[in-house]
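A single chain comes next, written as structure tokens; it is the form predicted alone.
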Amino acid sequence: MKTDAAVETSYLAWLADLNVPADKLLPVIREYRTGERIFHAAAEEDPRLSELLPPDVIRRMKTTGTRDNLRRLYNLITEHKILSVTAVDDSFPPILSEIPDPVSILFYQGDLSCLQHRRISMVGSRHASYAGLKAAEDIARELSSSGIVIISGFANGIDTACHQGCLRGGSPTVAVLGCGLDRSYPTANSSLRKQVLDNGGLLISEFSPGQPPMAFHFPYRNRIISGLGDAVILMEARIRSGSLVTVSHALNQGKEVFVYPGDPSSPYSEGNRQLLREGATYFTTARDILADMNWLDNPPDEVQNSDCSVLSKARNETETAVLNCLLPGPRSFDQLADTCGLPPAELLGILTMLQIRGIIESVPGKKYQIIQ
């Protein structure tokens, strides 16, 4: 790392530690362009700075703008090879300065250019079911193999499964942290952190080096996870999961939200079921996402047969397969599982959605049939 970049990042870390709301800090960064100029403007009591920031912030700037503090930050930055980018830099993701609660400074390790690719944010609970973890990893891998960069929060559980799946698919993955980049958090992901960087990915944080993983950081960082994605996927979440905060940010940002149905009887998916009832977009496969985002290079041919009036109601290939299995007549769950070859949890989710949309119904004998 070049020394001048480390010095500038030190000034920006000092600025970030002041905890000035981004909408207040953005005009300052646009006026002075660099952290160093802002530092000197505070020291010299530049009247322009006093017009942009309240007196208490100016006082804190002077109190914390010491040689010892800057040296401490500089040492952390050089030791961990941390870089920085602000809203006035060409490489800054422009969407983050346009969202309702904008971002002004980012610290990062890795390759920022991976944010120029197609991107999907994937989120879910730390405490997840085995089926949820497996589905998250599989879908992330399939999206990644289609060239999609997966963004997640690097937490245990679903986030980790999404990052791992993306790496297995061959595309870089982006981890948005709720602490300083010098912190190894969570500790269980130390090897994953290295894999992210070794595979051309990115670790990114709004919090300056030295900042611990405080509980209130994570809901705040979630707006960056949603903001960076072209769309957001919810894989598995309880009603009170922090993942629903990310979904809320995504909706406020005007992003498309896709929700995986999960097991309809599982408490791990209760947040998913609530969102689906409220009209979120349902999906079961990576191909569903690619199709809805118009990212399929070869869209599937339209179904052409005598049963197209029923099959045309399917939203994806998996639903088409289930409906095809039901065309001869009523089938039990076990018969459908054997014929369609789908995992029980996925099949149950599809049957539930087809019933909700009035395409199939359950009949005596614990069977399902197409509504004529």
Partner chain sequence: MSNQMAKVLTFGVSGVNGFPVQTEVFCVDGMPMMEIIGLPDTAVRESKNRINAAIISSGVKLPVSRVTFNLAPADIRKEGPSFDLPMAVGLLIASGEVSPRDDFDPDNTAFFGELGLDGCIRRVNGVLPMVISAKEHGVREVILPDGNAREAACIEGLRVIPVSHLREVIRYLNGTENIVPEEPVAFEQLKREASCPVDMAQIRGQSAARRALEVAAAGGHNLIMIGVPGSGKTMLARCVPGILPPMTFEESLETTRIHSISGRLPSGSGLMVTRPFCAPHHSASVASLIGGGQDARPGEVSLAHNGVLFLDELPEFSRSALEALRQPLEDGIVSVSRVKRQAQYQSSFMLIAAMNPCPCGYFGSSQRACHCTPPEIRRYLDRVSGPLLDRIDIQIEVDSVPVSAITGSAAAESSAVVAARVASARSVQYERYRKSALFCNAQLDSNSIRRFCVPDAEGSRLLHAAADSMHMSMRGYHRVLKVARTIADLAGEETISSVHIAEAVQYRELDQKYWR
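Only the largest set of C-alpha atoms that superpose within 1.5 Å between the two forms is called the rigid core. As the structure is a prediction and not an experimental result, all values here were calculated from the model. Positions refer to the first chain, counted from 1.
In what follows, reference is made to the form predicted in complex with its partner chain, a form of this protein that is not presented.
- Contact between residue 268 and its partner chain in the predicted bound form is found at the 4.5 Å heavy atom cutoff.
- Shown alone here, residue 51 lies farther than 4.5 Å from its partner chain in the predicted bound form, counting heavy atoms only.
- The closest non-hydrogen atom of residue 19 lies beyond 4.5 Å of its partner chain in the predicted bound form.
- Using a 4.5 angstroms limit between non-hydrogen atoms, residue 39 is distant from its partner chain in the predicted bound form.
- No residue in the set 13, 60 and 64 has a non-hydrogen atom no more than 4.5 Å from its partner chain in the predicted bound form.
- Stretch-level contact check against its partner chain in the predicted bound form with heavy atoms at 4.5 Å: of 52-60, 329-337, 28-36, 65-73, the positive one is 329-337.
- Taking its partner chain as positioned in the predicted bound form, none of the residues of 100-126 brings a heavy atom within 4.5 Å of it.
- Superposed on the core, the two forms differ at residue 332: its CA moves 2 Å or more between the shown form and the other one.
- Remark: with the core as the superposition reference, the CA shift of residue 343 between the shown form and the other one reaches 2 Å or more.
- Taking the rigid core as fixed, one finds a CA shift for residue 17 smaller than 2 Å between the shown form and the other one.
- Closer approach of the C-alpha atoms of residue 332 and residue 265, by 3 angstroms or more, is seen in the predicted bound form than in the present form.
- Relative to the displayed conformation, the Cα-Cα distance from residue 364 to residue 270 shrinks by 3 Å or more in the predicted bound form.
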